[in-house]
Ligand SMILES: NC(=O)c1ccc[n+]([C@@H]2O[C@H](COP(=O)([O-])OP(=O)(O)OC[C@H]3O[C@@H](n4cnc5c(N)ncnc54)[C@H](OP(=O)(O)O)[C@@H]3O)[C@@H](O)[C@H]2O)c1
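In the form predicted on its own, a lone chain appears below as structure tokens.
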């Protein structure tokens, strides 16, 4: 497993990170039981993944806690709490309570990275004014090591929240949406994270549009209709066929992971799954070499200015 320095945290972590949310939630959302989910996490550890991302909202913290029992010191744990739920902003007391419950479920007395989760531009000031000071106190108390923040990429495909948060430089790690159909973080996020040595976790590397051909066609048709993509530039029946036509590319999914993994400024690429075989395939993709230059250039020509979709 390849390793990378996670920005100013100084943590040396695997370039592939296990995401415990998404559509599968380690298989819990697709009909599997907890013992199956634990095996998925254990397999990730056996493959050399030492970065695990979960969250209160995913309901997988207990699974992670069971899987890492006895090897906590070999794993970097990232978990999260939303600063706004049900129309109410999270209080300092609610933040503290959420962290304590996460610690109990994870079976640990500290988390390496504690994120404010899915932060919208409209709630960022509350996070900055009310919640960050408490996070700093919790760090002083030894309950968290580093501060993190994640965006709500599905509703903020142009990274408006990060345009406010990154100049404040309050967070050691961020989670950002980035993929070959919407690479806008390349201009709007990574220059600032690289300048400030902020660690980056990449989400949305592969979502429905890059794993389900019918969804891809539908999304690209919408981009053409909106005037954001030239119809003549793509084959409407197989829009990304030029990727798999290359002898060094196995699949669109593999290309999508390679695209993210080798982007300057990208550190850990998260992959979520409920299948051991799927996990193994994704890890092979993330650790594969960069895409050939001619494919990277064509992707840039096609999608380099797209910022209106998440690819989900």
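Numbering follows the first chain given and starts at 1. Please read all numbers here as calculations on a predicted model, not as lab measurements.
There is another form of the same protein, the form predicted together with the named molecule; it is not shown, and what comes next is about it.
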{"item": "Residue 207: touches the named molecule in the model of the complex, heavy atom cutoff 4.5 angstroms", "value": "yes"}
{"item": "Interface membership of residue 61, the named molecule in the model of the complex, 4.5 Å heavy atom rule", "value": "no"}
{"item": "Exercise: residue 270 in contact with the named molecule in the model of the complex, heavy atom 4.5 Å", "value": "yes"}
{"item": "The named molecule contact at residue 24 in the model of the complex, heavy atom, 4.5 Å", "value": "yes"}
{"item": "Residue stretch of 166 to 174, 217 to 225, 91 to 99, 146 to 154 approaching the named molecule in the model of the complex, non-hydrogen atom distance within 4.5 Å", "value": "146 to 154"}
{"item": "Listed residue that, although the named molecule is not shown, lies within 4.5 Å of it in the model of the complex (heavy atoms), from 161, 77, 180, 203", "value": "203"}
{"item": "Listed residue (278, 66, 246, 284) with a non-hydrogen atom within 4.5 angstroms of the named molecule in the model of the complex", "value": "278"}
{"item": "Contacts with the named molecule in the model of the complex, stretch 230 to 266 (heavy atom within 4.5 Å)", "value": "253, 257"}
